[in-house]
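Consider the single chain below, provided in structure tokens and representing the form predicted on its own.
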């Protein structure tokens, strides 16, 4: 079942949707989409900054649900913008706006690859029980060439966290908020891929009829749509409830849904779906990264079990 937003939340969502819709066109060269794995949402970012949306979670009467609306709706765009860390995790964890872009990382991720680390001004590092707030000024980051539709970077030297600000006892809260952001971004990417594919199969003709007229295609896309909405509402519930268990389950369900949704959408788009000129990769390439973030589904499943049954052997 769906749950209704308050009138204020609905008005907020409509305003965000208008900004996203006005700034979702992929850059083109000679009428053809530029063949790049990642397209930054520069104009959309400016619109959100000018409207004060990035500090939404700190506004009176607002909080995790309002920030979740922003993260989800923006992630439906084929253009990429860092919002999970800056608009949801950082303000709710520290109760202040940190210099952005904000990247989220585990200690072991820093020398290997982190989303938005290239260009980040702040990194929130999961150190177990505590969180390190790492100022990136003067730190060398190597940008990674990747097929994941996110700008990735890694520290060129071993991470030195001795000078970082510490937030004792905040590790669990960081993971809770990070999982909500992860689930929202995955839900949006899956939803956008399914919508894109649904429109495509209505137009693509085989054997003299649209691909989408075949019952097998309809059934699989319907099942994928159910997965997308399930992840979305689990993430929104986790944002509303503040429960670490809800957040772990949302991230777990998101990462488990990714393989089937990615497989179906690429199969129904055919060979065209494998090209960078076709917009499908803008979402499915992201999903390949999100599927393993924070250690993947096994980590979320193990944490969910511990949270659900803390006294079990």
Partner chain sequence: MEFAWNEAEEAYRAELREVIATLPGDWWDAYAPHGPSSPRLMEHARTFNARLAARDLIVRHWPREYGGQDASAWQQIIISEEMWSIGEPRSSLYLGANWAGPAIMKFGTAAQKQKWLRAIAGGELLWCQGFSEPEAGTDLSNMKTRAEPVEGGYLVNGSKIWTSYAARADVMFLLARVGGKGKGGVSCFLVPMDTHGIEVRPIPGVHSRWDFHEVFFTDAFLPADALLGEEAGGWTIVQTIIHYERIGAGRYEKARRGLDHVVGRLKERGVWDDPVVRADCAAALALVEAARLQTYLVIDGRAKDSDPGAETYLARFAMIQADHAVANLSSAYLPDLLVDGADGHLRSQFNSAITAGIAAGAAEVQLNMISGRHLGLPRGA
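Residue numbers count along the first chain shown, from 1. Everything numeric in this text was worked out from a predicted model, so none of it was measured.
What follows is about the form predicted in complex with the partner chain, which we do not show.
So the partner chain isn't shown here. In the model of the complex, which residue out of 92, 98, 76, 225 has a non-hydrogen atom within 4.5 Å of it?
In short, 225.
Among 258, 70, 249, 280, which has any heavy atom within 4.5 Å of the partner chain in the model of the complex?
Exactly one listed residue reaches within 4.5 Å, namely 249.
Name the stretch: of 83-91, 226-234, 182-190, 98-106, exactly one has residues whose heavy atoms fall within 4.5 Å of the partner chain in the model of the complex.
Looking at the partner contacts, the answer comes out as 226-234.
Would residue 114 sit within 4.5 Å of the partner chain in the model of the complex, counting heavy atoms only?
Output for residue 114 is no: heavy atoms all beyond 4.5 Å of the partner chain.
Decide whether residue 167 counts as a contact residue for the partner chain in the model of the complex under a heavy atom distance cut-off of 4.5 Å.
Judged by the heavy-atom cut-off of 4.5 Å, residue 167 is well away from the partner chain in the model of the complex.
The partner chain contact at residue 171 in the model of the complex, heavy atom, 4.5 Å:
It does not: once the partner chain is placed as it appears in the model of the complex, residue 171 has no heavy atom within 4.5 Å of it.
Under a 4.5 Å heavy atom criterion, is residue 198 part of the interface with the partner chain in the model of the complex?
Within the cut-off, so yes.
Does anything in 202-228 come within 4.5 Å of the partner chain in the model of the complex by heavy atoms, and if so which residues, in order?
If the 4.5 Å heavy-atom criterion is applied to the partner chain in the model of the complex, 202-228 yields 202, 209, 210, 212, 213, 215, 218, 219, 221, 222, 223, 225, 226.
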